[in-house]
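Below, in structure tokens: the form predicted on its own, a single chain.
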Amino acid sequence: MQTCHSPLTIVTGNARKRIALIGQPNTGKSTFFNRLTGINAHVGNWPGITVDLLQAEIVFNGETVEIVDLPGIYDLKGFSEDESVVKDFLSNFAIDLVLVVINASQVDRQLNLVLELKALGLPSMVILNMADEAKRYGVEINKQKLEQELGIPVFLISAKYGKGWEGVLTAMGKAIKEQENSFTVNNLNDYFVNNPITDSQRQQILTDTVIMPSEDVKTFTDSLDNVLLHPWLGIPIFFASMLGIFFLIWYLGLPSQDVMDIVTTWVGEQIIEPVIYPLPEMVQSFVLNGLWLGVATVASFVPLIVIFFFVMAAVEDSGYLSRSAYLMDAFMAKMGLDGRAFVMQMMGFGCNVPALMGTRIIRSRPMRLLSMLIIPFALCSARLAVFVFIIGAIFPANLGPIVLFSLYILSFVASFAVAFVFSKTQQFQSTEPFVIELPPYRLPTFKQVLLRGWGEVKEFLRRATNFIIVGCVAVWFLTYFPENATGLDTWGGQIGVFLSPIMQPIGINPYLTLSLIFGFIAKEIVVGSFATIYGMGASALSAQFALTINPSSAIAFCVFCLLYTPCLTTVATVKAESKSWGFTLLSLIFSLVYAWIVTYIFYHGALLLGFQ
């Protein structure tokens, strides 16, 4: 039913019912979406996770219903890109029901969004999520009274644990069945200029329906933050925690890699080789060296990637990563950025692509572009596999996690240096204030960590499968022809030799140069291309590297791989998010030159220190 002042337009002929999920960042909206739809969206305990529309179809009471999870939005009057996504969706797509998801422990700060949707007249339900958490912190909500004041159904639930879930489903089914019309919203910005939501409206409802705990009451989160957010101790504790994670990944990941290598070697020797034995020599080489060795080498790193994503999922869900933004904000301000850029940098350690998309939460275009310029320097999961392989082959086992962590630190230092220099130019200067919600600490559930980690692993495997086969076949082609040629006489070897005047001064030989060329397609290809170029499995390849590559060259290769031109998918995302070919070309050329300069410094520095 439309209100007399509502800007709603009735949409007729809408073939499919549509439910939209709206809420502020970090309200558990994506967790609610996952539980409702049974699929795995990206869920984390810090703001800005959902940066684009997540859509799924479910059969609800015998009828197909589309569920759309919209980006987190603080109100309907904002102008950042993620807020514009929400407003554009409301204006252009028919909606039958809106579920407003609120963090029940922060209802006093999130009620304004409910009042805006109520004023529009959209058919809505209020989902007070994390109700168990709110009760634990002493927040008392009179559900019946709040329903009366708002004129909208209200539900207290915990999407994480499934409490109160049945009541929501029943009410949704009834609302969808009874809802005859679909709606879109017109002139949304003009509407709120003429019909503002006043603080007195919000405060009166809160006074009548909600009792918030005294600010003098100290919670577990407050006590923990006194230590973890300490002005002097907070940052060292954060990086010490990250070092601990790398030790865990190293000492759990490498043994699992050995097990996978044994399995893939057995499959190659006992199954693949006998099957292809009757085939011509070139076909055997193509199948074994062009396809299987590359795929098998990357497969040996899958357990390590699984451990990495599961550990990071637990850290994210705990609420600690959002603290990193708060801790680093003052320092990032000196770089022309703020704490959100640091969060996106941390997000880039899984994959650069969602981190780049996550910059939509930054309203200032100069600050957003500067963040997009430095995010590709993050040590993503694909680079992690490359570094673990190189470091494991060249350096003593006890130094492995230290060297790996040093590259992690270098990714930050390199990013900060770029941000500091570019922030001094007029194009990248910004004064946007920084505001972030700090969620309470939460004990991650096994199910959420499993869903989150497995979702990332599947995405890694999808990318790896798509690119590695193409990349390894291309590498095989260049290293097999001309026929009967070997080593540097092959086409690939000649390419590496041709680039030697550029790469030799930074300690990278022609074979490694060729792997870096194909790494531009996807960094996952780099490890697979090693196996194809050398024609060896993971164990033999590791021994070969130990004999032919010295520590200074290994350091140089890792530094260059960390900083040079990002993969094609990342480049495409930079173009899509910046909407500028000029900025995209700048990021490509700059990263290549920057990588060479930094690598030159590290390589010759390592030689001076005796890493021969």
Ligand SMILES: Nc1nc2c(ncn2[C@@H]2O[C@H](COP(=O)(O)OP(=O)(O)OP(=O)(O)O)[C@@H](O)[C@H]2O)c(=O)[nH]1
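For every residue, the number given is its place in the sequence shown, counted from 1. Because the structure is a prediction, the values reported are computed rather than measured.
What follows is about the form predicted together with the ligand, which we do not show.
Chemist: Given that the ligand is left out here, which of A159, V343, M172, M357 has a heavy atom within 4.5 Å of it in the model of the complex?
Modeler: By the 4.5 Å heavy-atom cutoff, the listed residue in contact is A159.
Chemist: Please tell me which of S587, S30, T570, S553 lies within 4.5 Å of the ligand in the model of the complex, judged by heavy atoms.
Modeler: Of the candidates S587, S30, T570, S553, S30 is the one lying within 4.5 Å of the ligand in the model of the complex.
Chemist: Choose one stretch from 323 to 331, 106 to 114, 468 to 476, 131 to 139: the one whose residues place a heavy atom within 4.5 angstroms of the ligand in the model of the complex.
Modeler: Looking at the other structure, the answer is 131 to 139.
Chemist: So, S591 and the ligand: in the model of the complex, are they within 4.5 Å at any heavy atom pair?
Modeler: No, S591 sits far enough from the ligand in the model of the complex that none of its heavy atoms falls within 4.5 Å.
Chemist: So in the model of the complex, does any heavy atom of G336 sit within 4.5 Å of the ligand?
Modeler: Taking the distances in the model of the complex, the answer for G336 is no, it never comes within 4.5 Å of the ligand.
Chemist: Although the ligand is absent from this view, report whether Q448 comes within 4.5 Å of it in the model of the complex, heavy atoms only.
Modeler: Answer yes; at least one heavy atom of Q448 falls within 4.5 Å of the ligand in the model of the complex.
Chemist: Quick one: does D96 come within 4.5 Å of the ligand in the model of the complex, counting heavy atoms only?
Modeler: Answer no; every heavy atom of D96 is more than 4.5 Å from the ligand in the model of the complex.
Chemist: Relative to the ligand in the model of the complex, which residues of 307 to 344 have a heavy atom no more than 4.5 Å away?
Modeler: Heavy-atom contacts within 4.5 Å come from D317 alone.
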